[in-house]
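Single chain ahead, by itself, as structure tokens, in the form predicted alone.
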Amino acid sequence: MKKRLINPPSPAGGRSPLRLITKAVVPAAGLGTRFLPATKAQPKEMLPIYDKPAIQYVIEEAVAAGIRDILVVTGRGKQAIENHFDRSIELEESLKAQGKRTALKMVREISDMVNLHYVRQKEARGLGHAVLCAKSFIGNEPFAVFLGDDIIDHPRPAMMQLMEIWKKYQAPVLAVEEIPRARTRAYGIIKPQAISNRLYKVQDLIEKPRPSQAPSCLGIVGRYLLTPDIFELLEKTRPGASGEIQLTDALRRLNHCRPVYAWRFEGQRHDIGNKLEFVKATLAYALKDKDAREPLLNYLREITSS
């Protein structure tokens, strides 16, 4: 017997008006221990990927997808994130006095791009708990979740791709990527039912299965479109062996209540949760800068040939 939902689909023969996605949640409370000592006194989310802090790429994707209000879930020592997206009157006045109009325009755009809100996750209790911290902010609306460790580069933002699926099905949508089977223990893995070349109906989800037990090689990555009934399920989700509340566990239960879809997104994902991929992402974005591209390529040829 299926559980009653907060926002159940319309009965057969009718369709509820499309609910637009205007709110997003960005969990950013992690300690960034993989990047010590660089993260001892600054948030990992503020480490620069070429010329922008990592979190700015995520915020810009949200804005490009039409998000108007973003809740950043932070923790202790994360004030630099708030400062970055706030006005800096002293800096603006200095740039204005020096006639640096381009730089002035850039810093003003950062603080004006979207409405940002903040809440603290007081305990490190996992991604599921971080999303649960947004319950009051989200209310009874569908919403997006962006994980800061995943930067996805494509002319059509990954979240915008998910929103196109939402418009058709008005159901939760997960971003997935084909991953090596040997790495399934690092991902939530879906059991898919193919609908089209890139779209799947989720039959089941398993958190970090062994390669031999993984139902596919489609791993969930850091973009989600969720319905507000996920909060009730998160509240009832017990912590796993690590003491954390896993979002995948709640999604699995949600999948028993309503259809959940997965989209194999178009674009290049940079997993900046480890140092090597962080460096690769920095190089990738530096090479997109027409002024830096040739000097950087020359430098790379020089150091790799010696």
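Quantities reported herein were computed from a predicted structural model and do not represent experimental measurements. Sequential numbering from 1, following the sequence displayed.
From this point on, the text means the form predicted in complex with a small molecule, which you will not see here.
The candidate stretches are 230-238, 160-168, 206-214, 116-124, and the one lying within 4.5 Å of the small molecule in the model of the complex by heavy atoms is 206-214.
For the chain shown alone, Gly188 is a contact residue for the small molecule in the model of the complex, at least one non-hydrogen atom being within 4.5 angstroms. Using a 4.5 angstroms threshold between heavy atoms, Phe146 stays clear of the small molecule in the model of the complex. When contacts are judged by a 4.5 Å heavy atom cut-off, Pro192 does not count as touching the small molecule in the model of the complex. Heavy atoms of Thr248 reach within 4.5 Å of the small molecule in the model of the complex, making it an interface residue. Comment: the small molecule is not present in this chain, but in the model of the complex one of Leu104, Val221, Ile138, Leu199 has a heavy atom within 4.5 Å of it, namely Val221.
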